[in-house]
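Listed next as structure tokens is one chain, alone, in the form predicted on its own.
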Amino acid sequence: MKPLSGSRPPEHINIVPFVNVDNMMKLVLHVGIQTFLIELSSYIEADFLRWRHFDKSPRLASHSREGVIELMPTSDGQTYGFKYVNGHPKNTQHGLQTVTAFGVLADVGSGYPVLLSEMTILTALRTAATSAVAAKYLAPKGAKTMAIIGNGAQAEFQAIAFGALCNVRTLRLYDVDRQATDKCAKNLAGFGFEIEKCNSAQSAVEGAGIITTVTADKSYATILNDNMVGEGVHINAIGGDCPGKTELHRDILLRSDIFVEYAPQTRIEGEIQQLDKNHPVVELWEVITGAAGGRNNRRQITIFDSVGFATEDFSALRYIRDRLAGTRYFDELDMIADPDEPKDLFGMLLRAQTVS
């Protein structure tokens, strides 16, 4: 795909492409949901391959009793990106989304923004794409059945990504809210899955080679007990993503090989916050580059302890920027003051008075 522009800002540098929610939905449907996830996953994987090029730090989080608001920045030396995102589990009680987000890309050379985008929908897509990328390396070979425990806003994205990238064909769904399971099954009816709605987490994991846990409660929860997890499975643990929020019993972690995005962040926010700070984990980029092994035997239990990392958002924004080329699925925002004389910003303000 031809980039929207080069590494420098476009000619009209005060105009920034803006992808609102409506345009994001139109772009995704124009590309096709499965194709979008496949293409997005290739960008995520490509950026994991050049992991050493990125600035990396745990995200800046502001926690409250109600939830968390976070900033997630990174740069590859040419382009800078960040995402603003919140996580408020009780929002659904008030008709609000649990997660909302927006993101920015900027040119490092000038500091000028080159893209502003909604990221509520895009985060759901990149989370699912990242999970599927990890499963390509970690899930048991030939696994076609996945249990999804937690059937809220992220569940369908996960299912479609695993179907498109990992050939998952059977879904076993469970949620404490039966209406959420019914919703999920209805939304996925046209995507070629065999779907079974289960009455418990225990029944959902039976016969599943891949188990995805994607619950929202901000608590030390135990979605999977140790006796529920047999040998050889891959656990895609994405619901535990902030301090005080987990899904897996500690004993499962102790008998599994654990893979993470960025260990300093995951030790704060992921399932491994339950373990000693020196407990061994492998970062996903090491597996993708071949620096470390992934799945190596049929009995191995693998866990992708995913909390989401800034490079994945960077990849998603980079993909969107390239995908916009030749389309009109964006608006143009006049965001940057552009005085005739760069040192005369005040004069520009005064001249606006005469124009008005």
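None of these values were measured; they are calculated from a predicted model. For every residue, the number given is its place in the sequence shown, counted from 1.
In what follows, reference is made to the form predicted in complex with a small molecule, a form of this protein that is not presented.
Asker: For the chain shown here without its partner, which stretch in 38-46, 306-314, 322-330, 284-292 has non-hydrogen atoms within 4.5 angstroms of the small molecule in the predicted bound form?
Answerer: Of the options, only 306-314 has residues within 4.5 Å of the partner.
Asker: Is His234 close to the small molecule in the predicted bound form, meaning a heavy atom pair under 4.5 Å apart or at it?
Answerer: Contact with the small molecule, no.
Asker: Can any non-hydrogen atom of Thr145 be found within 4.5 angstroms of the small molecule in the predicted bound form?
Answerer: No, Thr145 is distant from the partner.
Asker: Evaluate Glu271 for contact with the small molecule in the predicted bound form, applying a 4.5 angstroms cut-off between non-hydrogen atoms, and reply yes or no.
Answerer: No, no contact at 4.5 Å.
Asker: Tell me, yes or no, whether Ile149 is in contact with the small molecule in the predicted bound form, where a contact means a heavy atom of each within 4.5 Å.
Answerer: Residue-level check for Ile149: yes, a contact with the small molecule.
Asker: Looking at Pro113, Gly163, Gly239, Gly209, which has any heavy atom no more than 4.5 Å from the small molecule in the predicted bound form?
Answerer: Filtering the options by heavy-atom distance leaves Gly239.
Asker: Which of these residues, Ala263, Ala106, Ala153, Ala185, gets a heavy atom within 4.5 Å of the small molecule in the predicted bound form?
Answerer: The residue from Ala263, Ala106, Ala153, Ala185 that makes the contact is Ala153.
Asker: Is it the case in the predicted bound form that Arg126, Tyr174 and Asp177 each bring at least one heavy atom within 4.5 Å of the small molecule?
Answerer: Yes, because Arg126, Tyr174 and Asp177 each have a heavy atom that approaches the small molecule to within 4.5 Å in the predicted bound form.
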